[in-house]
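Below you will find one chain, with nothing else, as structure tokens; this is the form predicted on its own, and questions on how it binds or moves follow later.
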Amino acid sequence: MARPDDLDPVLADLAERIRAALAAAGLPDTDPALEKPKLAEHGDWATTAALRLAKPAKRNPRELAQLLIDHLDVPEVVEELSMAGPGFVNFRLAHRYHEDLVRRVVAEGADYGRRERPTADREHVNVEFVSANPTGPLHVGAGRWAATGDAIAALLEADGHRVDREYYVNDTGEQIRRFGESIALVARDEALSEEHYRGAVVTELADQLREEHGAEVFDGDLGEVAEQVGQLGVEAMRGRIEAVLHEMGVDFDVWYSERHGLHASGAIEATIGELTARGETYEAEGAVFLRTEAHGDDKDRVIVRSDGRPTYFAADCAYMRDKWARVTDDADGAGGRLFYLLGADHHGYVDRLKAAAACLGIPPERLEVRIGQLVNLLRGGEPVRMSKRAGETVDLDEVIEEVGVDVVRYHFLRQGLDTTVDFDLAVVAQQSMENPVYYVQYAHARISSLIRMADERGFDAGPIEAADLTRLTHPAELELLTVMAQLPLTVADAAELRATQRLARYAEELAGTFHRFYTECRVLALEDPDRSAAEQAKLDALGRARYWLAVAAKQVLANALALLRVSAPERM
């Protein structure tokens, strides 16, 4: 998990003071390890340093905690220092911390919640996701991998890493030939067998290729025609896939062609040669095997068939080798990382990929494979049937058109990868406060409305530097401030755990705290002729403080939604 003192300058200073206090007390150095107390009444932060030093120092942890307290140079931002339980040292931050937070959020703007890592601590991460075969439109399940992979990439970037988003285009092999044959047969008005692709998209592609390349592209021997038409169909289909993903807010840095990147380039043969040179292959029954069992796989895998043709797994190895070379070009960084986001039907592939990495000399811990569970598409509680080849699929672009991009993304991102998602079209599109995405977006729109109303009334909030933020003492204000302060740590934890749902649930918590603040704390005082000038001045000062709190809350909420790639509307 991320360290709070790596993300907050106030906590970083406190951690260093704890280290200095331990040294001044003659105690060994140890990690200050700041953490949130389980009970809010114990303070904002706590350190377990005394508990961890008790055993090596052979002393009572409460005695060590008292020594730490006695030698600590307490910063002004700490309002209360206390000992609790077996040796916790608790810190309650002064109101000044919250005042500085509002100013910090306004100053940092869209950067609040992000962090800059030292170069040596920054990874170059290749995130491969979606990678659906280009033989038909993306179905709604692919939308989950698109939203999740893109949000994980965004979180890693916000956490200070360099990220490449990559789509592997499986554009060669028997399926592509059959795809081309299907298009050609439809264009020639000939019958399709059960093995062929069918549906509206095949007819559309036949018409598109006829218009772009002429009817003669379908003439001649079907075997020869199928190969050429298959490649043309794949390119057209890839364009459609790219377009719907772009509509969903997902843009890839790399579209990697298996045909050109691995087969035509000779990368597969070069990879097999490298594996052989490393002593990781052997021949048996005329085939070439990779020693994956020695690296955790359930058996050795064939990489060259007895007829001399490389297997699909050989292509996987070559692709991994290529990606690894690309992410390890940062010689001064923390190194490369390969991240694969795969569907539930690839569960048995994890050990195989890890073993391949070991055979290639890639540290297995630098290869990360996450498996996501399936999406059940429903309408009013009833399952919607899907079959790509039969042409009965409910495609992603249709779902986006029906319920909107924000709804699609948010409802996928608020569920963990290990959870099967029931996506009910009749439920997710409801515009009510029970709908999580509507609830969060409405909070942003409500803040925007508040700010517009202040401007329309001519309310002079003044510069934030002049605002008296000490007046923000109402419980609803303090709750909002406390939640706003949690964004950097939430982003870092969500990035480390690859858990988009943490950020989505945080956005809901922040929206909820603002809704309560809005209900309980009037920002703009209504004019009252019976009010004295002094009373009016006091209310105006409070209004200015609350105005800037609202501005900061709007920024924090917008930043959270931006990482989820969900819009933050000004009006709803």
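None of the values given here were measured: they were computed from a predicted structure. In case it trips you up, residue 1 is the first one in the sequence shown, and so on.
Keep in mind that the form predicted together with the RNA is not shown, yet the notes after this line are about it.
Q: Report whether the minimum heavy atom distance between residue 282 and the RNA in the predicted complex is within 4.5 Å.
A: Output for residue 282 is no: heavy atoms all beyond 4.5 Å of the RNA.
Q: Heavy atom to heavy atom, is residue 453 within 4.5 Å of the RNA in the predicted complex?
A: Answer yes; at least one heavy atom of residue 453 falls within 4.5 Å of the RNA in the predicted complex.
Q: Indicate whether the RNA has at least one heavy atom within 4.5 Å of a heavy atom of residue 383 in the predicted complex.
A: Taking the distances in the predicted complex, the answer for residue 383 is no, it never comes within 4.5 Å of the RNA.
Q: Do residue 239 and the RNA share at least one heavy atom pair within 4.5 Å in the predicted complex?
A: So residue 239 does not count as contacting the RNA.
Q: So the RNA isn't shown here. In the predicted complex, which residue out of 538, 531, 62, 505 has a non-hydrogen atom within 4.5 Å of it?
A: The option sitting close enough to the partner is 505.
Q: Tell me, out of 51, 542, 34, 68, which residue has a non-hydrogen atom within 4.5 angstroms of the RNA in the predicted complex.
A: Partner contact (heavy atom, 4.5 Å) among the options: 51.
Q: Tell me which stretch of 93 to 101, 271 to 279, 123 to 131, 164 to 172 has a heavy atom within 4.5 angstroms of the RNA in the predicted complex.
A: Among the candidates, contact is made by 164 to 172.
Q: Going through 442 to 473 from first to last, which residues have a non-hydrogen atom within 4.5 Å of the RNA in the predicted complex?
A: Counting only heavy atoms within 4.5 Å of the RNA in the predicted complex, the contacting residues of 442 to 473 are 442, 445, 446, 449, 450, 452, 453, 457.
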